[in-house]
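Taking the form predicted alone, here's one chain by itself in structure tokens.
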Amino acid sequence: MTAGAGAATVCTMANEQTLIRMQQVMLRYPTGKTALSGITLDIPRGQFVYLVGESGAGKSSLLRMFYGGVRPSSGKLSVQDTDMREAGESRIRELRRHTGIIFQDHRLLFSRTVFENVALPLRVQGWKTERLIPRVRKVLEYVGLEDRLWSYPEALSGGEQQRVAIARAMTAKPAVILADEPTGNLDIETARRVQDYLMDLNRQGTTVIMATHDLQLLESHPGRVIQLHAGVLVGGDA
């Protein structure tokens, strides 16, 4: 093998192992507020990453950039080999099909059953009903809600609603799960159970990036810590 060929192989392997790459990324909203400034960061595939920092530090803005909810104002951001500044809307939609998103407020469809909420990502991908049903049943069994298949979200507790959100996020077997304060409104015991599910998904190979203000989780469920303050990286393992 020539030296050039060897270098190319190493480069390809490095790209395959890097899920997210950021170089001097800035995000400025139309209001003029700078949410993120000068962020340079690599996140390899398979990591469990905590984003920590005070309210307004930029955690949610960073997660939104990772699924194309907002685009960087400057700098370079690559997510799953997609240039997030240059990608068209069709490519962003395709990226989201490989991304599970969990919000603090669940964002479930209250006019749809638990089954329909969890099935939604698969329907978007065009799954046939006969293939879809066993997959939805399997993920609901995983989060302990197989008996609530035809319930509506309003009949569930807050912890159960968050477990439905986790099931929905994982149903299409995404490469990455982005979780924005998923335990923020839960009691301690339920929060730990939700965290256990996310850690287990990570052990199965899914990259998990989670914004949190609950620093106790970092002790009971260790992971890589990235700390933000006023839109810049200030500590952790960045």
Partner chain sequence: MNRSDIPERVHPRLPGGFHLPPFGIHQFLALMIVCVSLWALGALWLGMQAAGQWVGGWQQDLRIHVYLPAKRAGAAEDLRQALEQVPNVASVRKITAGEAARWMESWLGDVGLSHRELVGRLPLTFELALAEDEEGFLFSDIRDAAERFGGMINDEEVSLARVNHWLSGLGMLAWFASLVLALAMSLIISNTLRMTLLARADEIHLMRLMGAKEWFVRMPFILEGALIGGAAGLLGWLLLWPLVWGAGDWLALLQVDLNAWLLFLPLVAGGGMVGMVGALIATASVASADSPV
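Here the structure is a predicted model, which means the values were calculated and not measured. Positions refer to the first chain, counted from 1.
Another form, the form predicted in complex with the partner chain, is not on view; read the next lines as being about it.
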Quiz item: Is every one of Phe66, Asp83 and Lys138 in contact with the partner chain in the model of the complex, taking contact as a heavy atom within 4.5 Å?
Solution: no
Quiz item: Can any non-hydrogen atom of Glu146 be found within 4.5 angstroms of the partner chain in the model of the complex?
Solution: no
Quiz item: Wondering, does Pro72 line up within 4.5 Å of the partner chain in the model of the complex on heavy atoms?
Solution: no
Quiz prompt | Contact label in the model of the complex: Pro153 to the partner chain, heavy atom within 4.5 Å | solution = no
Practice problem: Flag Arg163 as yes or no: does it have a non-hydrogen atom within 4.5 angstroms of any non-hydrogen atom of the partner chain in the model of the complex? | Solution: no
Quiz item: Using a 4.5 Å heavy atom cut-off, which stretch among 88 to 96, 72 to 80, 155 to 163, 138 to 146 contacts the partner chain in the model of the complex?
Solution: 88 to 96
Quiz item: Using a 4.5 Å cut-off on heavy atoms, which residues of 96 to 126 contact the partner chain in the model of the complex?
Solution: Arg96, Arg97, Ile101, Phe103, Arg107, Leu109, Ser111, Arg112, Phe115, Glu116, Ala119, Leu120, Pro121, Arg123, Val124
